[in-house]
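Shown here is one chain on its own, the form predicted alone, set out as structure tokens.
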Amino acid sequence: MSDRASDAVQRSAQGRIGILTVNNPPVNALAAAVRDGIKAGVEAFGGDPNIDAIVLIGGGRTFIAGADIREFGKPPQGANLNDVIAAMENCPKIVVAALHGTPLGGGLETALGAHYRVALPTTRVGLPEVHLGLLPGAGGTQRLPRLTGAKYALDAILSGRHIPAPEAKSKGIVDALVEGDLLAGAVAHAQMLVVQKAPRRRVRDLAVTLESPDLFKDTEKAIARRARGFKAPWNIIKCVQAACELSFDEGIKRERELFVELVTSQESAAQRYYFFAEREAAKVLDVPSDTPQREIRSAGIVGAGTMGGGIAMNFANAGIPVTLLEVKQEALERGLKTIRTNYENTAKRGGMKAEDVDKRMALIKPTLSYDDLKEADVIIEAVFETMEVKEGVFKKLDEIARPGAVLATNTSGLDVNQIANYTKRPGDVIGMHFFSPANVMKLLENVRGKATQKDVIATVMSLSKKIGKIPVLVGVCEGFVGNRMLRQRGVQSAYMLEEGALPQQVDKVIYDFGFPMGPFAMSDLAGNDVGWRIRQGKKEKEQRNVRYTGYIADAICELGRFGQKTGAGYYKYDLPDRTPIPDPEVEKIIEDTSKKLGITRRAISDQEILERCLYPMVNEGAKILAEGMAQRSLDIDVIWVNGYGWPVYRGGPMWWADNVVGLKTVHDALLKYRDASGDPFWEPAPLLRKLVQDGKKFSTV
């Protein structure tokens, strides 16, 4: 055994029980040294006449938490995990895995190679590889069904969920729960097995229970919509089916083939990139991780509408008391009723216990008085999206908020610097742009103003995670990052309707790319009247500066077609299922508009639609990066995956441009559309030009 292996896996003994302790902080990932150390340790103890059984345990806060995914795509080093597991299974001594923390992925697969498993009751196990576009590649799809039956194993692997230890015990994944000291309990269990002359029970030798001959066909139907565009779920189904129909060795071979197919796929590369990107996005480059934070023990929300109520729920869900302010009793009662209904619906679906509804509601204190916000540690404004209204709110907050309170605006695009200047404490002001519905959507665009203090940034980024959000820090510009890029897609979508496309064609291209819906279906869902009212104030200005985008949208709204809520928008809707139905009346509006504008309609290809919708977004992303409105290209990707439905198996718009399309392709297409139209809209961003010239990517910026 090499020194490297002995550092990562330490050997000791208690009586005649050999102990292998994995020591690879912080989470004991299955790096080459760990794999080598386990294999060497099992073989050494297996041949030691003074050892009767072996306990494999994790040092620190967890058993092996999974594979070292940074090794993926690199030349293999050290022992193969399948060989490590085989060494455990074939060891002449009983091997007991002692589990605590989060034995996930390769960690659970390693444990399944032991003859028996014990765990602390707080342990959570699982095979979450599906979230990386992968499947368990070290026998997980073959061993788990042999313990639990095919149906449970299939559901567990497809969901990638973390399974609590008591449930794992009830399903046979874990043999016993240990109260108190895990090592002592595991050693005692191993000693008991030795005394009882228990067999070396290899999971691979167990039969698989197939509950229904239609299980795999039914599962494919059930996941068809949510697994659209992904590869891993379909390969997982094939693997579990192989466990039922093939011998263990043949099943392992099939699992390997299907794993390799995924690990070399673009989809998995994108998902693995995103896994790291989401974690990096929480880090602020010029705010050190040890920056002191302000203590947040209570929150205040100004506005009990849809957004304010949703934000209040986030704090209550995290156990943070929140005071919810409205100016009228009727509005306050309506907001509280909506919050309670949301909680009750969650409880009905099994998402929370019925008794928790009242516990959460008790954390939300309604008020009509600003004075009740005086002691709040953070106050978030969630009122109507006009600067005049926000000015009044922040001047009032400046009067009553305690010194050191964080004052946040939920604006989706107004100038945070201007809002901050309505106070005498602009350093305490920050944007917290929640996405609707705020109690569901994970993204939180935190907007740093010119004066925002670093401890406020650190506090809000940390707080975001406490209330269950994925935070990304952005700068102050119109629309911030997400909406600013979305605007570019909207412009071209509108133009293409005038030039020859129909809403259903544009939407289908975007849906087929992987978005949950296209721009026109999305507008119908959000309400077409929202943009219409905004355009009324901007129309003359826009017409002077750029080609106006709202002719068709305005004509639709003038007929009262505001979208799903009125039963008609760009589509017709048969309530209550709200399926969009193409409408000849809309087609006539579009054709009439083209005639009025003097545009001869033409056939527009799906490829042109895709390019004109997505390439301008990438180009705008380049401008955002150059201006420093986003720290890194990965921040933009995290915003788009979590806030706007960009398919995670395509990584994000900037990763997609870097690694799938290629920046030169995007750049050259922009020039092609510029030259054909004469529209400066298509001018490539200077950063994009430079990266193409230098042969670099956004990820290098």
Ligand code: T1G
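In this text, all values refer to a predicted model and were calculated from it rather than measured experimentally. When you see a residue number, it is the position in the sequence shown, counting from 1.
Absent from the display: the form predicted together with this ligand. The rest refers to it.
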query	finding
Interface residue in the model of the complex among 552, 461, 203, 132, criterion: non-hydrogen atom within 4.5 angstroms of this ligand	132
Position in contact with this ligand when the complex is considered in the model of the complex, options 621, 113, 431, 106, heavy atoms within 4.5 Å	106
61, 138 and 259 all contacting this ligand in the model of the complex, non-hydrogen atom within 4.5 Å	yes
Which of 326-334, 302-310, 271-279, 370-378 lines the interface with this ligand in the model of the complex (heavy atom within 4.5 Å)	271-279
Residue 44 within 4.5 Å of this ligand in the model of the complex, heavy atoms	no
Residue contact check: residue 81 to this ligand in the model of the complex, 4.5 Å heavy atom	yes
Contact flag, residue 65 vs this ligand in the model of the complex, heavy atom cut 4.5 Å	yes
Heavy atom of residue 454 within 4.5 Å of this ligand in the model of the complex	no
In the model of the complex, residues of 25-58 near this ligand [heavy atom within 4.5 Å]	26, 27, 29
